[in-house]
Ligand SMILES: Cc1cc2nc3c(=O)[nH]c(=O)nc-3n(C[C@H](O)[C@H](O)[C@H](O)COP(=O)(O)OP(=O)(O)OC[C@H]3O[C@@H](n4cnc5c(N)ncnc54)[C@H](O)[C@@H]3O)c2cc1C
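Encoded as structure tokens, the following chain is the form predicted alone, with no partner shown.
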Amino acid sequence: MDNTNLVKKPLNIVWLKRDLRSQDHASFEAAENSQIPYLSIFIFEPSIISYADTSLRHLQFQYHSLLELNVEFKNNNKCIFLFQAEAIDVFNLLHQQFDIQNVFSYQESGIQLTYERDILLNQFFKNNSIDWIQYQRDGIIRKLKNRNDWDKKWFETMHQPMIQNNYKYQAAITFQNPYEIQKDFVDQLTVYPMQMQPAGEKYAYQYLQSFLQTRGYNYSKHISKPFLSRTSCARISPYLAWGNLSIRQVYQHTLVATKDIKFKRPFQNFLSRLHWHCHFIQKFEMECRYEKECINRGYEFIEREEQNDLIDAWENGNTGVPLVDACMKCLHTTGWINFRMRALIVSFLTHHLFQDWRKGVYFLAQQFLDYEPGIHYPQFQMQAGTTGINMIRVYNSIKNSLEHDEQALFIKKWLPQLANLPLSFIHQPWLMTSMDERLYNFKLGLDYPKPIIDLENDLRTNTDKLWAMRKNETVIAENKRMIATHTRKTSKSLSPKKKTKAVQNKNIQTLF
């Protein structure tokens, strides 16, 4: 179709990314308030689909969230158009057919790949006199140089009124779309795993409300328990990661719920974690090097021998350490484990197996249904001990198993081959004698793997190497830079020099 002699109709575009909801949505509000018709779009970009951090479960969650929105928007004769192409090609296609006035979207604290895509699009929009209006996401501030007053601004954002989106009827918009998502891709997206949390705004509210009404009572008590946390935690992280809920929605709903119930402390702890959530995304927004480089450059000098057999055993839950393996089996199937268990499996990879954190960071990104780059990479490096300014946390899998899965409920569910052993052996099956094995009809190395490392001696050797790095000149210099950039300063804060010295003097924390 030749559009060269046609007068193109004006159009606005709402570009959805990690904001798949209908309420508290600034882009939709702006589009509805404009006098210009608008098109809502979501783009499955091949470069992102094929990138190392993306998995089918992420794409399925997004797709089913979009399907739910389209059911709702159908009442107003609207829909979200889906594309399978690079973003630049989609916008070029729409530019050829319409006079695009504005593109509304949320800022994305993404990886280097999406950052470079946005640079390319920004230039395209400028060249074609298109205004790209990007809204702040969840109190994350773009181009921030330091963290002075960040906390104050975040709380101000959380207390601003939520946007009450209203949608008007709109005449259908038609256009040629050679980039419709392909049938084989649709077939993959349609089959959503039943053992993962259901996608979409409706389920997001259901999970939040059940947490605020009943499940949250034991939140603080069970947060570290791999089995009990599955029902006592809010379990809204996938909905935050893909934008079925905004942080502000969750924050304000929680404040309201806190007024009407007696058990306030769990919710106060929960609110603090919403703040923590955005704190880490702000770190990544300011320094997306977290994805590929040691954020403290000094840790690039630490020597580690890559051992693919150890990495494979870790990925597949065959390390011979029950709690670690149960976490991996659970993650493969459901896409979620609690925070402590996430820290534990990263610690096991980087401290016990002494593998470079980059050998596991993309694998876990793919497994987490709630993969959020701004949390994933800073947290991964913090648990791996490569920041230099955080305490090195070495999680002892046996201690955590005995303390947080006392009855081995979690291990029994995900490692049924251990379920008939007594508790004394479920946590540490290598303690069984040959007589014990005959008594319980169990053979270590056959029914369940032997530990792939010497848990005590290897850990001691590796932590000595980590501690030695704290004295490295580059590590010390990087500490000062990171404290100046990422520390939220108050009148009671130590000076960067004193704080750096205080951090360096802390011992490695081993959670035995």
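The numbering used is simple: start at 1 and walk along the sequence shown. Model, not experiment: these values are computed from the prediction.
The next section is about a form of this same protein that is not shown, the form predicted in complex with this ligand.
K.L.:
To verify the annotation, which of these, Ile302, Met432, Ile223, Ile311, has a non-hydrogen atom within 4.5 Å of this ligand in the predicted complex?
P.N.:
Partner contact (heavy atom, 4.5 Å) among the options: Ile223.
K.L.:
Looking at Lys78, His376, Lys283, His404, which has any heavy atom no more than 4.5 Å from this ligand in the predicted complex?
P.N.:
Answer to the contact question: His376.
K.L.:
Just one stretch in 176 to 184, 303 to 311, 260 to 268, 342 to 350 has heavy atoms within 4.5 Å of this ligand in the predicted complex, so which one is it?
P.N.:
So the stretch in question is 342 to 350.
K.L.:
Is it the case that Asn396, even though its partner is missing from this view, gets within 4.5 Å of this ligand in the predicted complex, heavy atoms only?
P.N.:
Outside the cut-off, so no.
K.L.:
So in the predicted complex, does any heavy atom of Lys413 sit within 4.5 Å of this ligand?
P.N.:
Judged by the heavy-atom cut-off of 4.5 Å, Lys413 is well away from this ligand in the predicted complex.
K.L.:
Given that the partner is absent here, does Tyr115 sit within 4.5 Å of this ligand in the predicted complex, heavy atoms only?
P.N.:
No, Tyr115 is distant from the partner.
K.L.:
Since only the chain is shown here, I'm wondering whether Arg297 would be in contact with this ligand in the predicted complex (any heavy atom pair within 4.5 Å).
P.N.:
Answer no; every heavy atom of Arg297 is more than 4.5 Å from this ligand in the predicted complex.
K.L.:
Let me test this: is every residue among Ile236, Asp370 and Gln383 within 4.5 Å of this ligand in the predicted complex, going by heavy atom positions?
P.N.:
Every listed residue reaches this ligand in the predicted complex, so yes.
K.L.:
Can you name the residues of 309 to 337 that have a heavy atom within 4.5 Å of this ligand in the predicted complex?
P.N.:
Going through 309 to 337 in order - heavy atoms within 4.5 Å of this ligand in the predicted complex - the hits are Trp336, Ile337.
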